[in-house]
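Just the one chain here, laid out as structure tokens, in the form predicted alone.
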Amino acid sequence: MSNGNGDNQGVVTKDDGVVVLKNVVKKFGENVVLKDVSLAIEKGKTTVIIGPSGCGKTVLLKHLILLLRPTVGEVYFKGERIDEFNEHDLDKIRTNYGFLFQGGALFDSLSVAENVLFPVRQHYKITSKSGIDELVRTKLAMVGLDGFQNYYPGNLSGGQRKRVALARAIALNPEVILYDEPTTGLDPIRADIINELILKMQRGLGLTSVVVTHDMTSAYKIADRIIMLHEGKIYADGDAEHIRNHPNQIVQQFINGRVSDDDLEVLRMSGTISRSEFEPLDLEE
């Protein structure tokens, strides 16, 4: 299946990846956000999804775990179609996923330990206090925060909150972890800590990772594969080198952070800088 921009996607089948979207369309009213997207997420790899704001990146990510259901199309997990499952059956499937939300989405009223345990309590009846403590310690140690169990989110930095959220995302030992803008709001050093943790989760635990990001430094560092969405369609698909040298002008403008000539002309022509017709004193009676 060609996307019309030189990247041959091929025909996607339900067994091509651990998670597969087939011909997915998503509409919100008259607004079509995803337009016939087919995509196979390869097991044990890190797939990064890039693209301008509003192009459908987060909407696509939520379809992988069926926090949103397609208007048209099919979603598969390990070869099994899941978009027609009821919520009870989907809950079982979702234990195979971890999700790191954009802002971390920690519960401010819960301690760090309680936040990490939250998905465990949602799915299992916990009877072992020592087992709980060891699970929390292990997950926090993986993100470098063992010893922070009794802290509350309000006492943590932005980077620490993201790391606690990541510890929570891996609490159920998922096969797939989804990251929505994991480095947003972080300075370059703390953002790189998150990048290193994403690599650690993939390499150390063999996790399948899908990362939505605007951060090209992060994308180039962590990705086995980069997919660019534009206007609800896949415009580019390949490794970092392929994306860097992609011939499509829209791809180049995005990855280089460059305003298009048409947009630049509009900016330069509109809102001519001149002395205001009115002075503030003119408004006084």
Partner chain sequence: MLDVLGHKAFLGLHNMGRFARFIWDAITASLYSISNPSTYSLIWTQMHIIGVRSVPVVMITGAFVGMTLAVQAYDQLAGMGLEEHLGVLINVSVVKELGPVLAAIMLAGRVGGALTAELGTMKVTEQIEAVKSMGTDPVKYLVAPRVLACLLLTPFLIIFADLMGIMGGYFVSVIQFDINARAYWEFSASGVELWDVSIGVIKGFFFGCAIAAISCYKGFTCKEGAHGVGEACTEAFVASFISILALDFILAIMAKTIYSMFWPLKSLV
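As the structure is a prediction and not an experimental result, all values here were calculated from the model. Positions refer to the first chain, counted from 1. Rigid core (definition): largest C-alpha set, two forms, superposition within 1.5 Å.
What follows is about the form predicted together with the partner chain, which we do not show.
Proximity to the partner chain in the predicted complex, taken as heavy atoms within 4.5 Å, picks out 118 to 126 from the listed stretches 74 to 82, 140 to 148, 118 to 126, 182 to 190. In the predicted complex, the partner chain lies farther than 4.5 Å from every heavy atom of I194. In the predicted complex, no heavy atom of M216 sits within 4.5 Å of the partner chain. Interface residue remark: D133 is not counted as part of the site for the partner chain in the predicted complex, having no heavy atom within 4.5 Å. Within 4.5 Å of any heavy atom of the partner chain in the predicted complex lies no heavy atom of K162. With the partner removed from view, the residue among L207, A113, V212, L106 that has a non-hydrogen atom within 4.5 Å of the partner chain in the predicted complex turns out to be L106.
Only one of R244, K62, K43, H230 comes within 4.5 Å of the partner chain in the predicted complex through a heavy atom, and that residue is K62. Site residues K22, F28 and D36 are none of them in contact with the partner chain in the predicted complex, judged by any heavy atom within 4.5 Å. Contacts between stretch 167 to 182 and the partner chain, counted in the predicted complex as any heavy atom lying within 4.5 Å, involve R168 alone. Once the rigid core is overlaid between this form and the one not shown, E80 does not reach a Cα shift of 2 Å, moving by less than that. After superposition on the rigid core, displacement of the C-alpha of R203 between this form and the one not shown stays below 2 Å.
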